[in-house]
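Presented below, as structure tokens, is a lone chain in the form predicted on its own.
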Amino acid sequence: MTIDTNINLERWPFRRLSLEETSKLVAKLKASGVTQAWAGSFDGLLHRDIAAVNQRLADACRQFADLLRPFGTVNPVLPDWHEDLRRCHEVHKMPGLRLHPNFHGYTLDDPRFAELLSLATDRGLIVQLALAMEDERTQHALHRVPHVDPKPLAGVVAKLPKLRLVLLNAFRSLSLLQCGEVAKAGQVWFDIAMLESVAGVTKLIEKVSPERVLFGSHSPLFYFESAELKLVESGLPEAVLQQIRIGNAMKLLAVSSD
């Protein structure tokens, strides 16, 4: 049993993916033992009509409500983003948000980012922050998107002790040492989708503790099996693997629902 905290629906804008149809992605996840998947939307990266993006995401997740949980997009650079946040929480009943500062054109020391985190925290929402979406070496030549600069993150987190923050795809811009520093600043979790190197999961939990690591595959942009193999090769005790697969995410969701 696994909770995948990092998947996306709709189409990746730069190439076709074999599992881009939601029904096929859901079938793959279920066949792989996933019992719940936290879904963002690829449309949220480039579309300006965020309300429509979140409506489509909510509708798609409702069709597969036994598996999918929607995490809505909010872009604080666009007008009326406060309303997008309200609708994610009050209308769509989403458990959290997924933010993309590098695609949306703001930095982590932007006052609008701090305000967004504060408002999401007040509503009890989980905030997922994607520091990257793909390896910089595979980006389209005409659409280079730098990874999110994480330097201000620890300071921002320290000011919001009730914030529950999940860092997705963090390891192209955040070292394991920096992960430890950010984890000490507040309630921060890390998914494993872009975690590389032999025994990467083991090294990560040594820096941030087993309670702060979540399973995330970044499907369908990445192969689900890549994340699965990171756990297999880790050699960690089964109890720790179960924490990463499902236990930590369940606790995070339970707190969010209180």
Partner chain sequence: MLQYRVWDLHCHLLGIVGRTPEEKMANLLEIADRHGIERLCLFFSRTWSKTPTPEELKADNDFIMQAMSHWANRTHGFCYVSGEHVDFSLSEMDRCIQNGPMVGIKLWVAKRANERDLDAIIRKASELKAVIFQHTWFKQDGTQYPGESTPLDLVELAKRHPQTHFICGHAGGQWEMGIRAIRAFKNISIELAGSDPTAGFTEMAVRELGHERIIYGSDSAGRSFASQLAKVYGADISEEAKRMIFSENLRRLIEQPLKLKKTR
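Because the structure is a prediction, the values reported are computed rather than measured. Numbering follows the first chain given and starts at 1.
Another form, the form predicted in complex with the partner chain, is not on view; read the next lines as being about it.
Undergrad: State the residue from Lys159, Arg144, Lys93, Lys162 whose non-hydrogen atoms include one within 4.5 Å of the partner chain in the predicted bound form.
TA: It is Arg144 that has a heavy atom within 4.5 Å of the partner.
Undergrad: Please identify the residue among Asp59, Asp49, Glu196, Asp66 with any heavy atom within 4.5 Å of the partner chain in the predicted bound form.
TA: Partner contact (heavy atom, 4.5 Å) among the options: Glu196.
Undergrad: Do heavy atoms from each of Arg172, Lys230 and Glu233 fall within 4.5 Å of the partner chain in the predicted bound form?
TA: All three within 4.5 Å in the predicted bound form.
Undergrad: Pick from 82 to 90, 177 to 185, 135 to 143, 102 to 110: which stretch has a heavy atom within 4.5 Å of the partner chain in the predicted bound form?
TA: That would be stretch 135 to 143.
Undergrad: Can you work out whether Leu221 and the partner chain are in contact in the predicted bound form, taking contact to mean some heavy atom pair no more than 4.5 Å apart?
TA: Within the cut-off, so yes.
Undergrad: Spell out, yes or no, whether the shortest heavy atom distance between Gln55 and the partner chain in the predicted bound form is within 4.5 Å.
TA: No, Gln55 sits far enough from the partner chain in the predicted bound form that none of its heavy atoms falls within 4.5 Å.
Undergrad: In the predicted bound form, is there a heavy atom of the partner chain that lies within 4.5 Å of any heavy atom of Val240, even though the partner is absent here?
TA: No.
Undergrad: Can you work out whether Ser226 and the partner chain are in contact in the predicted bound form, taking contact to mean some heavy atom pair no more than 4.5 Å apart?
TA: Yes, Ser226 lies within 4.5 Å of the partner chain in the predicted bound form.
Undergrad: Pull the contact list for 10 to 47: residues with a heavy atom within 4.5 Å of the partner chain in the predicted bound form, in sequence order.
TA: The stretch touches the partner through Arg15, Leu17.
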